[in-house]
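Take a look at this one chain, the form predicted alone, written out in structure tokens.
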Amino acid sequence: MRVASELRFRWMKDVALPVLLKARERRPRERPRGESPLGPPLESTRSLKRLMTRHYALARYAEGARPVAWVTSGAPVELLRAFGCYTVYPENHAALCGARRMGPEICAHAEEAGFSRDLCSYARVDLGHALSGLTPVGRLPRPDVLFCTNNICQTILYWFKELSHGEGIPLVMLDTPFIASGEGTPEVFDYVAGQIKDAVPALERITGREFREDRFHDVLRSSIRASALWGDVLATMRHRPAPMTVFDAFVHLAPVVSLRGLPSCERYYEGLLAELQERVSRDVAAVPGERHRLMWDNIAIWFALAPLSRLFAEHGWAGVAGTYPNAWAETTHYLDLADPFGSLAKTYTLIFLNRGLDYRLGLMEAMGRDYQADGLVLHSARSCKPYSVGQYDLRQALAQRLGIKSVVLEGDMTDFRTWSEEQAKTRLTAFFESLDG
């Protein structure tokens, strides 16, 4: 059975999928309707669609051929890659469901099973998918292992426990103590590093594969490289005019989340960075006539990404920085091949959502200065309370430190039942007018 699954996986990977993807690309590209206030679209978007389509298509054939892991975005995926796991990120999948406007439909299945609408919509989408099988990508593979950390929120832990209990799937969880102030202590990092080391024999039992240190180092090296490239991609938006916007960054974030540690991720960001650097050299603007520069806090409103991008561009606003896209470049400088377990512990413990408001304030102040932001939009996400808590305090402090005005948008990542497009448009239009005045 395993041999047949392996042969089918390789045939799809090396023969069938390349042919299917090429045929898909030969289809006529859909022409944009009417004039757009945005600059020319990024050519790399086509490569992104190909890469992520391939990832989800291959996932359907991974069962039996590869150990399949469902993993949270804040977990050290590098360890899983050392075992050759095929990884699926429920949060990334939920964002895709949100972008395809399937969030409420899938969430409803979780709500009918008793899960509250106040629960994170990423969790409700994932649990709803587990109950119904609904997904825009055809099918997700059943995981052999669930791998999570609580460095982003505690909901993750209970969400993955529910999946583990309901489906009988082994769960490996790393506990990362909250860093309320300072830079953490050696005891904290030793504690987390010890858990990562302890996960090795557990993963050996679950996957039936031995841990290969040489493979682990290769993955770490690739992860370091991809994250550094992503940081360079984001840094191009410091240029005036910005060659892409934060809304583009939300879209092009997918590979560094889902494919980090794989050569395909590195190659993708090499191409994207080259395209952006070429735009910078020619002053190609993502928002023609860029007048103001915006910083965005919190996760994207996935189902409203395109209309928000157009609305900002219509008023000459370029989103040039975001705390969420920055998270995948923020701590990777801690990764060190000389101390793989200790450096992974630092990298994943010191992410900004696992730290106090003083750190978040300092980070946002530095980003505001580096990217010359003169406006701030805070997405108060109904679903993501750990990310949204303290935003009004941050807003007030940043106004004092940077002298910038801000606006709060109340919404959600995937569930548009909590979103009023007209209310948001009215609030943003008034905000733009106050800045122009």
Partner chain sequence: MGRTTYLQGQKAAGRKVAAVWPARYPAELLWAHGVCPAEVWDPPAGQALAGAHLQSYVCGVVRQGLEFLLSGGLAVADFLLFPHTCDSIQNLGSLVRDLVHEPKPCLFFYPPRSGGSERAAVYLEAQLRTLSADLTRIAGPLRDGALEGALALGRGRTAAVSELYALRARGGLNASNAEFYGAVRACEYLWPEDAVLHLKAFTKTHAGRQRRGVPLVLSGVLPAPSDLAQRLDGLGVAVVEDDLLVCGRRFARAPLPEPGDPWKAVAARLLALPPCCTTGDGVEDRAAFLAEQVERSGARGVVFLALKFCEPELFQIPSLSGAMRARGIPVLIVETELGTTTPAGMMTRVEAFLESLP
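Residue numbers count along the first chain shown, from 1. Predicted model, so just to flag it, every value in this text is computed and none were measured.
Another form, the form predicted in complex with its partner chain, is not on view; read the next lines as being about it.
Asks: Ok, Leu96, Ile224, Cys153, Val172: which has a heavy atom sitting within 4.5 Å of its partner chain in the predicted complex?
Replies: Flagged contact: Cys153.
Asks: Only one of Ala274, Ala366, Ala180, Ala338 comes within 4.5 Å of its partner chain in the predicted complex by heavy atoms, so just point that one out.
Replies: Comparing distances to its partner chain in the predicted complex, the residue within 4.5 Å is Ala180.
Asks: Would you mind picking out the stretch of 368-376, 62-70, 47-55, 393-401 that comes within 4.5 angstroms of its partner chain in the predicted complex, counting non-hydrogen atoms?
Replies: Partner-contacting stretch among the options: 393-401.
Asks: So in the predicted complex, does Leu203 come within 4.5 Å of its partner chain, heavy atom to heavy atom?
Replies: No, no contact at 4.5 Å.
Asks: Does His165 make contact with its partner chain in the predicted complex, using a 4.5 Å heavy atom cut-off?
Replies: Close contact exists here: in the predicted complex, His165 approaches its partner chain to within 4.5 Å, heavy atoms only.
Asks: Test of understanding: in the predicted complex, would Arg360 fall inside 4.5 Å of its partner chain by heavy atoms?
Replies: Arg360: yes, in contact with its partner chain in the predicted complex.
Asks: Heavy atoms within 4.5 Å of its partner chain in the predicted complex: does Lys161 have any?
Replies: Although its partner chain is absent here, Lys161 would touch it in the predicted complex, with heavy atoms inside 4.5 Å.
Asks: Would you confirm whether the three residues Thr236, Glu278 and His333 all fall within 4.5 Å of its partner chain in the predicted complex, going by non-hydrogen atoms?
Replies: Negative, none of the three is within 4.5 Å.
Asks: For the stretch 113-152, return the residues whose heavy atoms include at least one within 4.5 Å of its partner chain in the predicted complex, in the order they occur.
Replies: Sequence-ordered list: Ala113, Gly114, Phe115, Ser116, Asp118, Leu119, Cys120, Ala123, Leu127, Asn150.
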